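This document opens with one chain alone, in structure tokens, the form predicted alone.
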Amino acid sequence: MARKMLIDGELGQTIEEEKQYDFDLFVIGAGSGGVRASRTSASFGAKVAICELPFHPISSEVIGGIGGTCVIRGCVPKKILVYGAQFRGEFEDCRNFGWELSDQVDFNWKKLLHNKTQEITRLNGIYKRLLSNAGVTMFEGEGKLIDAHLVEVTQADGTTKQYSAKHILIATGSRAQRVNIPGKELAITSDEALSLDELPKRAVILGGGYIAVEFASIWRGLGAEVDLFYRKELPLRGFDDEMRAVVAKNLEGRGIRLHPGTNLSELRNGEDGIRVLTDHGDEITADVVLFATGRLPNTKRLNLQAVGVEVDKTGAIKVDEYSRTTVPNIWAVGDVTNRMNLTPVALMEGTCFSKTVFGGQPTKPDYISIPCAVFCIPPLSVVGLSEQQALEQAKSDILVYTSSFNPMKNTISGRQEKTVMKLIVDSETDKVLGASMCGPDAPEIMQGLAVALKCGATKAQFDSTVGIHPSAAEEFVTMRSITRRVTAGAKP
């Protein structure tokens, strides 16, 4: 069958496929990116197959599940636990609104864990049906490359089968890594943290990124004592420094003990739990120690080197702007490429791949103004540039607008926790370059602002927009006074 591909807007030569393949596309990995690419490719008429490891809430080299990290052991179960943890604050806040609660409010961890597992099992089934309804052939097992057009799938019983494909897409994601210190086997990763049999009373978390601050909020909200250790002065490296400070203050306000500039040096078994030793010479005891120190691309068992697919020093697959690897018919999307490791970005990359290869619409993923959120309590959400990034890229001065206020709910509840909002504006063009918010409902509000920034909205257009009153969101269209003007190239 003849297929046409458009690259860079030019119609390539129509190539008659002399060789017959089992599939037009074989996808290794059925997470967000792989499933999206499979379905959209099938909608363009491609014959598609996908393989994925057997389902289990905790991943390993031989177990995983259709739906991938986000659905099974990432965003979705994490958000369910965040919802559960938020009730602690609600119970504290409700009394001044007239609710009379007993001092003892019981929490059943096993019930929440059961309901979480039921939900991810349901979603795993939904993803299978989505693939089936799209006409995608599913294989359960571990896939690896044999050559540029041949994939071998090792099934649960150890038997192997090989399938040929015109194109191969790698979408195997990433896996949590462990810090190489004595006693590291006593620690857990986020996989296990989402499926603990017992809720810890004392938790130690190493790391300052998304996962670390989110689990700190979850466990503290569910009643645990939490100590958070990280190497930098503030958590959430890469986010706006001003907003990082807000998150740190909120974490402390919620009772989480922060240990900036501190690393763990050793873990030991103790009579009363895990003895945690720091590089400052301190020691504390915990029921659980979570390593939340980043993730590495899942590429070790794919046989990439033998086929000629190049990876970087972290193991991430090298791709061009269209997600093509160094082997022309092998492609890669999602966390395995270590570009922007977010589920919606993997979805975008998968869609762009399908349009490029099977839709006759060469499409490069667009990484400009991608919103994201950290689901700590309260959450942080951002879109566009931080103040630091804006200054690095700016050709003109940057105007910074900030607002810090006590949400209406807190004026009654008495909670001492401010919402903070920030806009970054180009002084020459008036274009809004970035927006950030830390406070209740921040991700819901930021999704709407992301549309505005994607459309190139100016500060004048923000100012001319009528707000919704009373709401926190209206503050974004009523920030009239410049907090500071920063000269391009200056350090904030």
Partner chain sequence: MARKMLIDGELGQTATDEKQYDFDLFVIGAGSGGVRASRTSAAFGAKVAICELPFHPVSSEVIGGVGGTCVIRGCVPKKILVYAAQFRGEFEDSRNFGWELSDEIGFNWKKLLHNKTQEIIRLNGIYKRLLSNAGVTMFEGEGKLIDAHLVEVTQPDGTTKQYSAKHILIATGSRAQLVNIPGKELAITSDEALSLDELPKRAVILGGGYIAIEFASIWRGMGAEVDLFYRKELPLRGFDDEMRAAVAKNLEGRGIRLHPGTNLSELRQSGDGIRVLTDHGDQITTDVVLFATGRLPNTKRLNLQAVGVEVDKTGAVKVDEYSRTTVPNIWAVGDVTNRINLTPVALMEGTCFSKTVFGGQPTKPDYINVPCAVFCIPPLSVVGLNEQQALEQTKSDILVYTSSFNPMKNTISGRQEKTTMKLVVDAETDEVLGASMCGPDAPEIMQGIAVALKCGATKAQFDSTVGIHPSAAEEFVTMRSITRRVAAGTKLKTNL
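Residue numbers count along the first chain shown, from 1. Keep in mind the model is a prediction, meaning the values are calculated, not measured.
Quick note: we don't show the form predicted in complex with its partner chain, though the next part is all about it.
- The putative spot formed by 107, 450 and 473 is fully lined by its partner chain in the model of the complex; each residue has a non-hydrogen atom within 4.5 angstroms of it.
- Here is the short version: of 431, 47, 454, 56, the single residue with a heavy atom within 4.5 Å of its partner chain in the model of the complex is 454.
- Comment: its partner chain is not present in this chain, but in the model of the complex one of 90, 272, 185, 321 has a heavy atom within 4.5 Å of it, namely 90.
- Taking the partner from elsewhere, residue 253 is found to have every heavy atom lying beyond 4.5 Å of its partner chain in the model of the complex.
- Residue contact check for residue 264: none of its heavy atoms lie within 4.5 Å of its partner chain in the model of the complex.
- Interface membership of residue 477, defined by any non-hydrogen atom within 4.5 Å of its partner chain in the model of the complex, is confirmed.
- Put simply, residue 484 is far from its partner chain in the model of the complex: not one heavy atom of it is within 4.5 Å.
- Listed stretches are 422-430, 47-55, 60-68, 455-463; the contact stretch with its partner chain in the model of the complex is 455-463, by a heavy atom cutoff of 4.5 Å.
- Taking its partner chain as it sits in the model of the complex, the stretch 404-422 comes within 4.5 angstroms of it through a non-hydrogen atom at 408, 409, 411, 412.
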